[in-house]
Structure formats: C-alpha cells, structure tokens
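Below sits a lone chain in structure tokens, taken as the form predicted on its own.
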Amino acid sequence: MNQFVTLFVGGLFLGAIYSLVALGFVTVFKATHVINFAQGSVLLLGAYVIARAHESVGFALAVALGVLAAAVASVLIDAVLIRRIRRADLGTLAILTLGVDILLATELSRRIGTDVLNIGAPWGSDVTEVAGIRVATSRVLAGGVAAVLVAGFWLAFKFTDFGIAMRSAAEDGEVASLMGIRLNRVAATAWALAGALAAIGGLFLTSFPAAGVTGSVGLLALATIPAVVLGGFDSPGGAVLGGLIIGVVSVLTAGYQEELSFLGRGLGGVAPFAVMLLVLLVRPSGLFGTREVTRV
C-alpha cells in the first residue's frame, strides 16, 4: 500500500510538470488554432541554456535566460513562419511546426552530443519525506510552481484584457479583429507564454531524479501530447487534469512493471497513449474539449 501511495503522489508531481507543458500547447491552440509540435525542441532549448549558463551567471539568472530564450524562440516561430501562412489548413501548420521541431532538436542534440549537462539546480538530489512518502524535492517544488503558474494563468485568462482578447480570438478571429483586437499581438503573447512554460517544464524534467540535459530531452514533451488530447486541445483546465492523469499513469505502470510484465517491457512509455486512445473512443474531443474543434 505504501508503494502505491508513494508512486501515486510521485505521479501527481510529475503530472504537474506535464501540465505546464500541456498548458503551453493549449495556449497556442486557443490563440491561433495551431498545434505546436515544436514545443519539445523549445523545451530542450530552455533546459540547454540553463545548463550552459548556470556556472557563469548563477542558477537564478540562468533560469531567467532559459525562459527568455524559449519564449523568444517560440515568438520567432510564429512571426517568421506561422504568420506567413496563417490561413493554411491545420494539417499544414502542424507539419510546419513538426519540421521546426526536428531542425531545432537536431541542432541542439549536435551541440550536446553524448554529454549529460548538469542543470545546476541548488536542490540537487535532495529528497522530501512526509508521512513515510519519499519524493524528490525537485518534483515537490515543481508541483508548487505549477500550482502557482496555473492559478495565475487562470486569473489572467478570466479577468485580464489579454484573456478576453484570447478568448475572442479563439471564438472568431475575424470578428475579434473588427472589434480592434490585434490578433498578431495576441498570437505573439500566446507563443511567448508557451515557450516560457516549456522552459520551466524542461528545468524540472531534467532535475533529479533525471540525469540531466541530454539530446533526447525534447522527446519527453511527447508525453504531454496524450495529456493535451485527453483534456481537449482548447481546454486549459483539461490540459492540467490531463497532465496529472498521464503523470500518474506513467509512474504507476513503470512502478508495477514487474507485475505487468505480461503486457511487455516499456509499458510506462506506452500506457499514456493507450489511455488517450481509450478516452478518444468515447469522447473524440477529449474530456473537456469543444466538440467543434477540428482534429488533424
């Protein structure tokens, strides 16, 4: 029983990290109707900048630089590429972001090579224990940061001018434009937020118990795709819940790998996609997604 509780709690904290990255997907989709597959390489970029910069400028400033680099890269993807073919179909836009992801991830992987870069987190390999449950301190901090950021995002989305503009753009871009809402500014802000969230997610995904930053870190963002699909592409709340569900499923299936060995090895990596498919059979738009949302 203690093992189950420990795995479950660890899964929730991992899911909190997934929720941040998934929220970036949803933010871009709501503002621009683009499925941003470049989120993984942007996550890797943010983590890479932090790992390279922390020794010379300190951890806090390195994190700021990593978040800034990821946000700027995301905005450039929108301004230089997406904006030029904004009226293209969703499939074309998604493939374009996938191409960007491959190019950026390839270049970053070339720079990293076979090294494992230390993220330089001050909490190191510390472990927090409460009531007999041991969880990596990095995951506990990730849960706290995720809670604050998600709450802040919700408040901004509901009560600020940007939130109103993004909801209007998502509802009907042409009408929103006629009402004076600058769609390009809304899109740029959404892409910047998505990049920043990816960098923060990358920080915690590469902290202990992970080894550090490697060329394959960007692939970790693929685990958030089932979370986005599960919750619904246009639902911020769904992204958060989907991230938590996928985190718990991943950790539980990995933790009980021996008991589930009859289903094959590597079940922890496959289980999130299996859950996603099962949910889509019942609700094609996800748990909280709008049924009219177009899929690719």
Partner chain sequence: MRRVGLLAVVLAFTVTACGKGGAEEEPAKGSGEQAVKTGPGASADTITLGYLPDLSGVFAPNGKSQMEGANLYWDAKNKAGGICGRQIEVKVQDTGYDPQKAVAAYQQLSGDVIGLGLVLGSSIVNALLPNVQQDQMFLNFAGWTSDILPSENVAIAGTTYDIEAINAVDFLMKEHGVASGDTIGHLYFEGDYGENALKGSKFAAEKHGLEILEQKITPADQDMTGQVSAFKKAGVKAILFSAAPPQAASLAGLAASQKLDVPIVANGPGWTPQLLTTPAADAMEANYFVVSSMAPLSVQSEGVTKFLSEYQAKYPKGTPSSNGSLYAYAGAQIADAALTKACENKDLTRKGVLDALHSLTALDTGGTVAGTLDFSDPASPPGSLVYIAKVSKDAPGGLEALGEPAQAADAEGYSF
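Just so it is clear, the structure is predicted and the values come from calculations on it, not from any experiment. Numbering follows the first chain given and starts at 1.
Another form exists, predicted in complex with its partner chain; not displayed. Remarks below refer to it.
With its partner chain left out of view, which of 145, 79, 183, 127 would have a heavy atom within 4.5 Å of it in the predicted complex? Only one listed residue qualifies here, and that residue is 127.
Based on heavy atom distances of at most 4.5 Å to its partner chain in the predicted complex, which listed stretch, 107-115, 68-76, 193-201, 152-160, is the contact stretch? Looking at the other structure, the answer is 107-115.
Please tell me whether any heavy atom belonging to residue 244 falls inside 4.5 Å of a heavy atom of its partner chain, as the geometry stands in the predicted complex. Result no; residue 244 lies far from its partner chain in the predicted complex.
Test of understanding: in the predicted complex, would residue 209 fall inside 4.5 Å of its partner chain by heavy atoms? Heavy-atom contact with its partner chain at 4.5 Å: present for residue 209.
Using the partner position in the predicted complex, report whether residue 251 sits within 4.5 Å of its partner chain, counting heavy atoms only. Looking in the predicted complex, residue contacts with its partner chain include residue 251, since a heavy atom lies within 4.5 Å.
Contact flag, residue 237 vs its partner chain in the predicted complex, heavy atom cut 4.5 Å: Close contact is absent here: in the predicted complex, residue 237 is far from its partner chain, nothing within 4.5 Å, heavy atoms only.
So which bits of 127-166 sit within 4.5 Å of its partner chain in the predicted complex, heavy atoms only? 127, 134, 139 sit within 4.5 Å of the partner.
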